[in-house]
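Shown below, as structure tokens, is a lone chain in the form predicted alone; questions about how it binds or moves come after it.
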């Protein structure tokens, strides 16, 4: 009778008389009984407050949901209801506002302040006043809507989140991207987008099943959360594609490091459905507003960058650049012409020597496929091999290359072997050992003279299946080499079971190993010692300078391969050399390798004060560049080097001789993911547009003026030299 007693106390005992008063009393009593039954049946709850917003009544059933029969009379509303939760959640006015304004409210959701899982009520109430118009408090009803709320949240989650991984889905990450880009346009705040794609994930589904694939994707999502943390938001676009949104981020040094860490961590082995599996990852990066200020444009830019990373060999990252559009067009052209090239024998084999470091004699030639396209010249394997893999032509291409290499090697002296690269797609073909046997039988080449170079990417997927394939190949009598060792996913674990004869140490460990404070020397020694203990040969790849060559020789490497000995040669040149008995390759190259400097051939702009000069950059390092085109610039002059695409590097002239400058950058450059260098920050297109008239380009005078032009602008400080660009581009 709690509610009855409460109302009776509030109603008082004012005297009445006559039949009308008696009838009214009966009516009130019946209503009280009905409300009491309603409350006792727990069909709904009632609550009331005084003028100070303190509870004067709360239904016993409601009190029980809050932890028992605690007396709530006298408790403030703010001690029971979260006064802000509904406003945050429902984008409406808060409960405190409505209470202060003495507003009525209906079906207002509030979260209850209590420990444990969240509890939500839906409350309705209206203010009550006495006969004099004085506020007396609120009278209202309530009901528990926790289950309804959970169902609503789950429905929202299904619409906005990926069911498998719990990450936001494509729709949500796109909305968040569009919101971030509004700030880019209105407040000039940058925004970065990283697109991640798993390498050879399909192989997991094909070999271990879709359930195992789902389990692996869940683990990938967990690893990404640990890496990214609160730096950005991760979304799963579907399949094996993920996207990372990083607001207020434009530092390409940080972005490259983050992408590289994602690739490295994702590429570590997984345990799924009781099997050990490995996948790789590639990443594309774009930054607004530099690479696009709309969601579609920025996403398209990351797609192009991601494709460039995959085309370069996977397991890498790339930043978007304007050059990628022409690269994509080239890829389409290559795809259209590659099949005809295979049929018309435009693809030929070249051979690069692998030299025994004890004698400098060639012990093996690596077969390298080359495409000499009529009227277009040589097409890089870095371009057409990924196209062949993506279009399914790699099986035909690889089979033809293997057959030709065996035929060519059969014409060499019997002690010289041939090494043939095997793509992961070829390796995954269950009939691949049959293709190898066919090539050996048709050419007559002894199996021990054939080396199959296999990268660690073959272990992406089911490791046991890969190891079984290696054992099948080994039974044929061929030799097996682990290529690009040290750049893969879990190198040491593969050596314990796989029957390799040779380890090829990736060139990234050889180059720069002689530099002070470089860890590559210790890594090289560890790899060489490990291979020696396992009875394997070692090949140091990419040797270009004498100091590198002497280092790997002193550490005990058995073989070396690189430009210091020779570039790849055609079969006719190989046969001619061997026929003359010239199987010794004397090393020829620079004494020391300049690890931080790379040769470049490109136009740049040099800005000094209010003038812009055309110049020509010959080499580039993280800390400086060699530039030609300005005459007699004083040492110590501060300039800005325009590297293109908004890349402006502040620099100081440290060396000046006639028209050649050596400049030192104020801020070191960072890796662009493609073996090149780029500035950490770029000048946004908004700023470039605003400053478009700040630097006045020089105009050239009569070409007959002995190659030197005067500045058209009246106050230019330097003379610009007319350069013959074609001379440098040959």
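Numbering follows the first chain given and starts at 1. Everything numeric here is computed off the predicted structure, so don't read it as measured data. For clarity, a rigid core is taken as the largest C-alpha set superposing within 1.5 Å between two forms.
The same protein also has a form predicted in complex with a small molecule, omitted here; what follows describes it.
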Note to self: Can you tell me which of 443-451, 535-543, 173-181, 281-289 lies within 4.5 Å of the small molecule in the predicted bound form, counting heavy atoms only?
What the structure shows: 535-543
Item checked: residue 105 within 4.5 Å of the small molecule in the predicted bound form, heavy atoms -> no
Next item on the list: Examine residue 135 and determine whether its closest non-hydrogen atom to the small molecule in the predicted bound form is within 4.5 angstroms.
Entry: no
Next item on the list: With heavy atoms only and a cut-off of 4.5 Å, decide whether residue 563 touches the small molecule in the predicted bound form.
Entry: yes
Next item on the list: Check whether residue 250 has any heavy atom within 4.5 Å of a heavy atom of the small molecule in the predicted bound form, and answer yes or no.
Entry: no
Checklist line | Candidate spot 421, 426 and 511, all three touching the small molecule in the predicted bound form (heavy atom, 4.5 Å) | finding: yes
Notebook entry, point to check: So which of 95, 385, 466, 295 gets a non-hydrogen atom within 4.5 Å of the small molecule in the predicted bound form?
Noted result: 385
Checklist line | Selected contact from 366, 408, 614, 583, since only one has a non-hydrogen atom within 4.5 angstroms of the small molecule in the predicted bound form | finding: 366
Notebook entry, point to check: For residue 244, is the C-alpha shift between the shown form and the other one 2 Å or more after core superposition?
Noted result: no
Check: After the core is matched up, is the C-alpha of residue 432 off by 2 Å or more between the shown form and the other one?
Finding: yes
Item checked: Rigid core fit then residue 314 CA moved by 2 Å or more between the shown form and the other one -> no
